[in-house]
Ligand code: HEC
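Next up is one chain by itself, shown in structure tokens, the form predicted alone.
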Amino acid sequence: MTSKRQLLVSIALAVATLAFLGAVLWWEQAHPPATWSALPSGKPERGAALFKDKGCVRCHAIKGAGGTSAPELGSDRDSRRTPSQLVVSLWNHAPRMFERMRAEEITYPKLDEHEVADLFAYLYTARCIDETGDAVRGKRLFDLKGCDRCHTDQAKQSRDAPPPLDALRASASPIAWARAMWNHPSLPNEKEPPQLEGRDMNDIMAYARKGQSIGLDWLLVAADTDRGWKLYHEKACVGCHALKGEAGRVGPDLGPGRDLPPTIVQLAGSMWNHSLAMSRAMSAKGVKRPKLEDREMADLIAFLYSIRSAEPGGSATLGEVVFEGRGCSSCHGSNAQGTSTAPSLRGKNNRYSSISLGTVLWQHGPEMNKRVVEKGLKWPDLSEGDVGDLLAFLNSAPAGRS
């Protein structure tokens, strides 16, 4: 009888614990920390220079240019696009990378947080490449959607005439294509534009490019997220599109909580589909639709895509579970308060981000790996979902502190 009562008490406690944990997770989800803007703004152009100067190119290639002893980092089929995904990839491959560098007597390069941000920005940019579409299907769509009525192989007859196919081919980079879709004049009599779905725009662009593959878009590499943020205000985008609930309410929120099309060319297709509706909304607000240059479009796109991967959301409660389960606590302490073996990671007014996490790994990784080996431990693997939870835990105040 006593055993049965104890079993019932244990079940009740387990249910209560799970209910409490569920309530905590629900509260954290409903009250996410406002840390998305804490990520240092990396510059892809500086990152491209660092990729060579720091010797990364010796082992890793970008779009086929570079070494072959380590994975290609600029593949358009590579799913590791966001900073958190890059951190996971760097973390999980770190021991093998450290060992190879020691074996080949490669000098370990020093990187600070801003340099890591620049490198991540470059690697992120290198992955934002649209796969080549189907040129044959693109030709059918080009005719079916009525593009052939204005854009022909004939030379332009006047300055205001639509550009011929040769001109489209000459400017068919993802950024230039997006700029062209935004600046495209309204159809006669404000006719609704023919809708483009999925990869339709990729296929039309492939037809315009005569099936040539898309390389690294240097307009995007040279983009500046800070300029993009200023343009977002100067071009009145903020008047219609909110960022995390701030400002405009006419169009959809473009902040971190809303997904953008996965590629730039598909974003161009979305711009085309909504072009007339956006023009009408701007007209109703008395706003003149702005024209954009290639560099301005690159800056705006870089800004919009950067803010949605700046700070992955997560649960401090689950982050503590990950911290313990992955073995981090064996060196840093159960509450990340530090031990004689490793330093404290919380309570020092630190604000961790994907970039700072990557920086800490790069700066201290070889020594960390050495200690892991000496203690007979296994280097812990991380999944993408772990990063947001770990950041939330490390950024939270230890018990008894506010």
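None of the values given here were measured: they were computed from a predicted structure. All residue numbers are counted from 1 along the displayed sequence.
Another form, the form predicted together with heme C (HEC), is not on view; read the next lines as being about it.
- Check, residue by residue, if Ala48, Gly67 and Leu219 all come within 4.5 Å of heme C (HEC) in the predicted complex, counting heavy atoms only. No, none of Ala48, Gly67 and Leu219 comes within 4.5 Å of heme C (HEC) in the predicted complex.
- Query: Would His60 sit within 4.5 Å of heme C (HEC) in the predicted complex, counting heavy atoms only?
  - Reply: Result yes; His60 sits at the interface with heme C (HEC) in the predicted complex.
- Message: Considering non-hydrogen atoms and a 4.5 Å limit, does heme C (HEC) approach Leu73 in the predicted complex?
- Response: Output for Leu73 is yes: heavy atoms within 4.5 Å of heme C (HEC).
- Item | Partner proximity in the predicted complex: Ser270 to heme C (HEC), non-hydrogen atom cutoff 4.5 Å | Yes, Ser270 is a contact residue.
- Message: Is it the case that Glu104, even though its partner is missing from this view, gets within 4.5 Å of heme C (HEC) in the predicted complex, heavy atoms only?
- Response: Glu104: contacts heme C (HEC) in the predicted complex.
- Item | Contact residue in the predicted complex, chosen from Ala242, Ala135, Ala316, Ala180 - any heavy atom within 4.5 Å of heme C (HEC) | By the 4.5 Å criterion, the partner-contacting residue is Ala180.
- Can you pick the one in Leu300, Ala126, Ala206, Ala117 that has a heavy atom within 4.5 Å of heme C (HEC) in the predicted complex? By the 4.5 Å criterion, the partner-contacting residue is Leu300.
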